[in-house]
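In the form predicted on its own, a lone chain appears below as structure tokens.
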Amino acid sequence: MRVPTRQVYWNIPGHEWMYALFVVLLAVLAWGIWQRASLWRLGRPARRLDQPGRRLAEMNRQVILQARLLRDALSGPMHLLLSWGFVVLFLGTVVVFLKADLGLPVMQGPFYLYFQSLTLDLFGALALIATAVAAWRRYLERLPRLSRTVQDWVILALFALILLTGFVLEGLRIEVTRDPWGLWSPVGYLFGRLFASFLSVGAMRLLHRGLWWFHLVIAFAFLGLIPFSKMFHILLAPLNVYMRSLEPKGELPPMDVEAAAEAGEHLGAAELTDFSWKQLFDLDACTECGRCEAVCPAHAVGKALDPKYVVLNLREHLHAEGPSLLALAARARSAAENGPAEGEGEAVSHLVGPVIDPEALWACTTCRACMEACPVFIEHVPTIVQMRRYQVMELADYPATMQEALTSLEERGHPFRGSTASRLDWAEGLEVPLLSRLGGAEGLDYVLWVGCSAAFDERNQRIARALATLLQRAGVRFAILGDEERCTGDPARRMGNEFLFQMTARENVDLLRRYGVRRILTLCPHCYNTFRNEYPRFGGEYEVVHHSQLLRELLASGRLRVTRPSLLETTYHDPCYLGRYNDEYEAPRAVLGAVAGGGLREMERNRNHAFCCGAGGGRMWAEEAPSQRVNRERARQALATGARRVGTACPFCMTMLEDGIKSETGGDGSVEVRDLAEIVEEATRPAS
């Protein structure tokens, strides 16, 4: 009985010339990769190769299983089929190499039938279908997030041609050789039958020989284009996933401001060389899929920011200016060894203005939706904040209202410049204990960190009163810092004043250390995130609890009992700094489930896909055109649920959503906005 197999390079005399072309291909690939890699070396050091176990696990989930991509019901499977079709067909080519060039007996028997014939055929067919879907989405459906450049067309056309000519070659070989195992390649077999219906055997032989060389050339052309096109992500995307940040999501990359100033370095990113090598690597890893653009709240309301083009504009700048920067670095090394050349000085190519629109830079709410959506883990927010740092700390060139907020934070300990309230006004009549009078935190369950918005905003003071009332009702032992409390520094860090943030953080850590504070309860997700993820770097190690988490615990344990459940249907808005930054989605919903008898109606964009309220990243203190207000877009999404109440768990979100709802409804009172603490306080009031 014959062993299933086939002749390699059937009908191809002189196939040895293929190896000469292959050497040229390797040289082109190596040169292209080296050109890109040399540009990444312009960046500063970054530690991204530690903890290989964690990195490989995430790489398996995101590269092999493509977890993020599969969130999209159509594009996800399409990309999965394209990528795995590419991989499987490449492995099939490797098997041919092992047989033809190393003489290994691999292309025979069941392996030949099941893998080299059937599997390759089916994966090739699926990849061809996926290519057609990709073309349809880009050119017929015309998804706004997808570009339609000549490069896009060429890449899709080449990939489709490679697949189609591969099937035709397989079919012609099967027909001419009367391959007894031809049916194991069903798609190729059908192509063969089609051509046999109108071509002679001799004509099919000639067509096969010419098409084989054409197929080889376009396949090599496709591979050779990789380092010079967006297809470079085939190589870079897995590496970028592997090198993703393993620091807490809520911590912005710190910088040593004092050391940078002493060394004469820029405070933040003024030019490309101020970024880390990983940030420059990000630029080339971008797939241009536009998922970041599609979820950006600023872009959705027509602002100048488009996170995709922040990356692409920086990439274009890197490729245009990188070679001259490399030459400048080489001259600097030479000058260090031999002394500077006459007339030679440092050239600085500023980023904000020539490359990045200043309006785009300040439109970012740092909501992290772009980073959550990116399938290759590009870090848009740290890159934006790095450029903000230079604008703020060196140029003092940023929006006037943000300047006023930071001036107030520096002088008064909070960013609400026009406020006349004190940090204790909200607690009038509640007999809330002060930590200074207790002498320390010993014996307390929590120190309640009220936060600036709940202390100084008249509307949000009601949230603080509601929470304090609930804590007293449940018998929780707590105290506040009162006038000793100051801002955590979150607005300063997000706006770019890293120096002010670090000074504030150290002062707060020292204060809390003096009182022996170990457990902190927060109203504000921004305070929660800062204490939980950013203060540990400054020696502030605390058990940090958000009030939604404590309320869930108090309701579940019976320390708070529902006496008058609300009958209003409620929709819940996920604050970015509680959800995407800290993965807390369940506690608020558990609280609402316990007290809201009217039920919970989810917005279309919820949980990790939630739409920002518009307050983060310093936008709370920025002027906005009425037609470009993120809070109004989020209000429309809330109103679309038909719920009569919008619940949230963040004072910033409260301010933005209440304003947005009033704007959209004309202030008719048909829909109310309430914090979880207010909803629970009403539902657990003792029966009169």
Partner chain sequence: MPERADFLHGGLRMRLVVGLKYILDPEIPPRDFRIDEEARRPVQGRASLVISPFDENALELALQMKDRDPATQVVALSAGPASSEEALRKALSLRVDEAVRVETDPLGEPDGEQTALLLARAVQRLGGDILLVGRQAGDWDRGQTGPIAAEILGWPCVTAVSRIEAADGRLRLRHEGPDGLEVVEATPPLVLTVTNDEANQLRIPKARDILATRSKQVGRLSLDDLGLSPEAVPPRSEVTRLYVPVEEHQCEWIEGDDAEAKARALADRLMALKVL
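All values reported here derive from a predicted model rather than from experimental measurement. Positions refer to the first chain, counted from 1.
Separately, the form predicted in complex with its partner chain exists; it is not shown, and the next lines address it.
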query: Its partner chain contact in the predicted complex: L395, any heavy atom under 4.5 Å; finding: yes
query: T407, heavy atom within 4.5 angstroms of its partner chain in the predicted complex; finding: yes
query: Proximity of D425 to its partner chain in the predicted complex, heavy atoms at 4.5 Å; finding: yes
query: Its partner chain contact in the predicted complex: S557, any heavy atom under 4.5 Å; finding: no
query: Contact segment among 92-100, 609-617, 445-453, 260-268, judged by heavy atoms lying within 4.5 Å of its partner chain in the predicted complex; finding: 260-268
query: Its partner chain: the contacting residue among R473, R519, H319, R417 in the predicted complex [heavy atom, 4.5 Å]; finding: R417
query: Among the candidates R477, R462, R209, R412, the residue which, in the predicted complex, approaches its partner chain to within 4.5 Å (heavy atoms); finding: R412
query: Candidate site Y581, A643 and E658: all three near its partner chain in the predicted complex by heavy atom within 4.5 Å; finding: no
query: Partner contacts in the predicted complex for 486-513 (non-hydrogen atom within 4.5 angstroms of its partner chain); finding: F499
